[in-house]
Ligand code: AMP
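Here's a solo chain for you in structure tokens, the form predicted on its own.
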């Protein structure tokens, strides 16, 4: 059944948006769905994607040049579709269109998502929001351009099919998308593997200055505003650092944080299985998945780490007691 078709019945204008600081799954989902709608539903007079600035490596996707990142227009859309955003606040400035839309739909795979739209399609077992969208549309109507976007989304949220969220079904979905004629090697290299020199520098800095806590069970690293200025980097240049920290031998949890404002830090966490980082993130007002989650916290870097490691240590002790 085409679930998307059912949701756009009687609709003429649609706004699509994802979470702040959009990653590969967010961008791929938004562009894949928007392109599918444009190609298959001529009755739609407007399909607009709102996202914060996206990395240049994603610009090859159809429709990337039409993404809007200004929100001055006072518009009321017939339908607002929120993608890959665990709560309404993470839509950022695009929330203004969500609040005024006649109908709202949320499509997501974050286990922390409680369902904030009028209609919600939340599949925590899915590898990515791109995979959820794949299940909601007809395979025979997926063009090469739509396939490229959805494949990129899956690649990024699975770490090129390495993370635990990758299921046999995920691989079958990827196979269908590959059969659409996409250049899958290029998508992986251009958007996931290749890094700029500055990105390599800031990664090296983060690894070099990382420290081990909780008897080697937790590795942490932080980037402050002064490093942002010195290396002339932006938040999107920090993608992948926490995943590199996670692969440190003997580590259960990796924490990467960067200073987004005075006494404010964005936190990303990755787990190797024995700690539910979604539970930790939710405790501090964030969310995500069991093995990948994040939040925003106030205070000094030491305050933030003390609070986070306190919750992580509690889970590790509970696991140890259970095993004994």
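Quick caveat, the model's predicted, so the values are computed rather than measured. Positions refer to the first chain, counted from 1.
Omitted here: the form predicted in complex with ligand AMP. The next part is about that form.
Only one of 286 to 294, 57 to 65, 27 to 35, 44 to 52 lies within 4.5 Å of ligand AMP in the predicted bound form by heavy atoms, and it is 286 to 294.
With the partner omitted here, the residue from 87, 190, 145, 227 that has a non-hydrogen atom within 4.5 angstroms of ligand AMP in the predicted bound form is 87. Shown alone here, residue 268 lies within 4.5 Å of ligand AMP in the predicted bound form, counting heavy atoms only. Among heavy atoms of residue 156, none comes within 4.5 Å of ligand AMP in the predicted bound form. Ligand AMP in the predicted bound form comes within 4.5 Å of a heavy atom belonging to residue 110.
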